[in-house]
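Take a look at this one chain, the form predicted alone, written out in C-alpha cells.
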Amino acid sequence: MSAERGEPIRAEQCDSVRVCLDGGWLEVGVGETILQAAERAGREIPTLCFDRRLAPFGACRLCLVGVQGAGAPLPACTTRCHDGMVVDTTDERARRVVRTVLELVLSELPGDPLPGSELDVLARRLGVARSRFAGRTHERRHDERHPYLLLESELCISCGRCVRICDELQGAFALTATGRGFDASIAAGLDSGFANSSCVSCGACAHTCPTGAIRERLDTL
C-alpha cells in the first residue's frame, strides 16, 4: 500500500512489520502477536491457556517475554507486534515470573501433574520439579458419569480452554466455569454431570485440556 506524495508511510499501511526477536530481525504480518512471530522464528514460548483454534486469552501468564521499553514483561499470546519492536524471549525477569506462576499452579494440585500432560512437560522443561509454596490443595473429586470421558476436578487449573472450545468451536455449551479464586473449576451440566448435559461426545475438551483434568476413559477404549 502506498501513501500519497509527501506523506510518510506508516507501519499500519504496510503488509508487514520488522521485529527483532532474540537478536535477529524478521518480518511478520501486521496484527501478528509476539507468539506468532516466535513460532515463525522457531522459538518456543511456554503456554498453558493457549490453543491456536481459539482467540488468545492471556489467562495463564506463562508466555511472558521481555519487550524493550515496556515497564514489565508482556504476554506473548495477546501482545501484537509493531515495527521496530525488540523482544527477548529469554528475559530473566520474565523467566522468574513464569517459574513462580508455574510453582503456584503446581502448589494447588494434590500430587504431581499427570505424566505426559502439557503441564507435566512444561514443568520439566522449565526445571520446576516441585513447588516451594505449601498450603491448601484441591480435594480429589471425580465425575465418571460420562461413558467416554473422565473429569478429575482436582487437576483443573481454570485455564478455560475446555469451556471455550466447547462453546466457540463446537457450540455445545456443555461445560461451565464454577467458583472463584482457589475454588474455581469447571463442571458439566451445571454440575449435574456429563450425562445430563448437552455434551455431544466430540472429545474436544479432552483434546485441549493441558492437565488431563478431562480425558478419555481408558476402560471404554
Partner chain sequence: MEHPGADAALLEAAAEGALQPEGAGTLTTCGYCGVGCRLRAHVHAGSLLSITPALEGPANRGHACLKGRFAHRFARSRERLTEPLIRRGGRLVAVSWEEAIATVADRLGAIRRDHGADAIAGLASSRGTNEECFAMARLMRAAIGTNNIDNCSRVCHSPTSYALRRSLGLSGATGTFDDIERAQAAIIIGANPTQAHPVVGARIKQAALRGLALVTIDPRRIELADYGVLHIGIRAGTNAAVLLGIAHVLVREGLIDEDFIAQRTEGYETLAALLDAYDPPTAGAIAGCDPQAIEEAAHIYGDCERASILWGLGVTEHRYGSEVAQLICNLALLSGKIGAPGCALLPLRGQNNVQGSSDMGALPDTYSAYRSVTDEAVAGSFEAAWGTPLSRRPGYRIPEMLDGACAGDLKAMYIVGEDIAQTDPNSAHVRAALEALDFLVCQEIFENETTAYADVILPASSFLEKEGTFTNAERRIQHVAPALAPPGQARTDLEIIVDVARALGHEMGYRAPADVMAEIAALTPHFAGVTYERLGDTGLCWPVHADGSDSAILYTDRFHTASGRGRLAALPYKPPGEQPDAELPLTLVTGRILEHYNAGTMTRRTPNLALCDHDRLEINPIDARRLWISEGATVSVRSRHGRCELRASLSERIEPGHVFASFHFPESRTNLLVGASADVNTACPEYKVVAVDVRPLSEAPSQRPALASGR
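Computed from a predicted structure; not experimentally measured. Numbering follows the first chain given and starts at 1.
Only in words, not in the display: the form predicted together with the partner chain, which the text now covers.
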Is the gap between Arg18 and the partner chain in the predicted complex 4.5 Å or less for some heavy atom pair? no
Hey, in the predicted complex, is Ser117 touching the partner chain, heavy atoms inside 4.5 Å? yes
Is there any non-hydrogen atom of Leu149 lying within 4.5 Å of the partner chain in the predicted complex? yes
Taking heavy atoms only, is Phe173 within 4.5 angstroms of the partner chain in the predicted complex? yes
Interface segment, criterion being heavy atoms within 4.5 Å of the partner chain in the predicted complex, picked from 162-170, 179-187, 63-71, 25-33: 162-170
Judged by heavy atom distances of 4.5 Å or less, which residues of 50-84 approach the partner chain in the predicted complex? Phe50, Asp51, Arg52, Arg53
